[in-house]
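Given as structure tokens, the chain that follows is alone and in the form predicted on its own.
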């Protein structure tokens, strides 16, 4: 059986070969683009129907579908500090604004955290006269600590 990492690489290669976009895959799978992309990169298990739809569109084999259905070990970084420029910028945002985000969550919601399990993510390109912007929305359920 393929690993999640091997399946993700097969997906990336098939995307290039077929010209299929993440948005097209999300539509075929019936899930939001961010969730679908994360699943196809190995971070979520897919249902049998979801994996079948993705591999059919990408013209991949059943062993890829089987890997996509398997339970993942979450966390995608190969190093503590990411080296990819896009991922590093997100890391930098958390370094700079993480304490601020934490303080604002505590002030507005109380002593607790934002869930990354009950969570939605959206990424949009927004035109701007000063240069297009990237809007990243993280929407996680508030979970109060229970002492």
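Numbering follows the first chain given and starts at 1. Because the structure is predicted, anything quoted here is derived from the model rather than measured.
One more form of this protein exists, namely the form predicted in complex with a further copy of the same chain; it is left out here, but the text below deals with it.
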| query | finding |
| --- | --- |
| Contact label in the model of the complex: residue 98 to a further copy of the same chain, heavy atom within 4.5 Å | yes |
| Contact label in the model of the complex: residue 105 to a further copy of the same chain, heavy atom within 4.5 Å | yes |
| Distance check, residue 13 to a further copy of the same chain in the model of the complex, heavy atom within 4.5 Å | yes |
| In the model of the complex, residue 85 touching a further copy of the same chain (heavy atom, 4.5 Å) | yes |
| Sequence-ordered list of residues in 115 to 147 near a further copy of the same chain in the model of the complex, where near means a heavy atom within 4.5 Å | 116, 117, 118, 119, 120, 121, 123, 124, 125, 130, 131, 132, 133, 134, 135, 136, 137, 138, 139, 140, 141, 142, 143, 144, 145, 146, 147 |
